[in-house]
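Okay, here we've got a single chain as structure tokens, the form predicted alone, with questions on binding and movement later.
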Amino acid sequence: MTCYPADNMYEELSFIAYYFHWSYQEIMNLDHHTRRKWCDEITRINRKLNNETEQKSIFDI
């Protein structure tokens, strides 16, 4: 069994909380897939607002 790295989880949590102002508990109630989906959506919106075309997520290395 592998665990999702805690640093990545906190990064996602902070990212969503910063943009949506959701509480810690609200974000932690989301499953991993849903948190990632929200992160991707926030990134997509920011890129659109900034007229950026790169498709890579900020969470991609």
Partner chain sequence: MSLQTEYPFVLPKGYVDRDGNVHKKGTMRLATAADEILPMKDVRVQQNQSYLSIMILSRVITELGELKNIDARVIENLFTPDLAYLQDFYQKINQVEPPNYKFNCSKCGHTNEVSLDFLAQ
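Quick caveat, the model's predicted, so the values are computed rather than measured. Numbering follows the first chain given and starts at 1.
The same protein also has a form predicted together with its partner chain, omitted here; what follows describes it.
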Any chance Tyr10 has a heavy atom within 4.5 Å of its partner chain in the model of the complex? yes
So, in the model of the complex, is Tyr18 in contact with its partner chain at a 4.5 angstroms heavy atom limit? no
Judged by heavy atom distances of 4.5 Å or less, which residues of 1-40 approach its partner chain in the model of the complex? Met1, Thr2, Cys3, Tyr4, Pro5, Asn8, Met9, Tyr10, Leu13, Tyr24, Met28, Asn29, Leu30, Asp31, His32, His33, Thr34, Arg35, Arg36
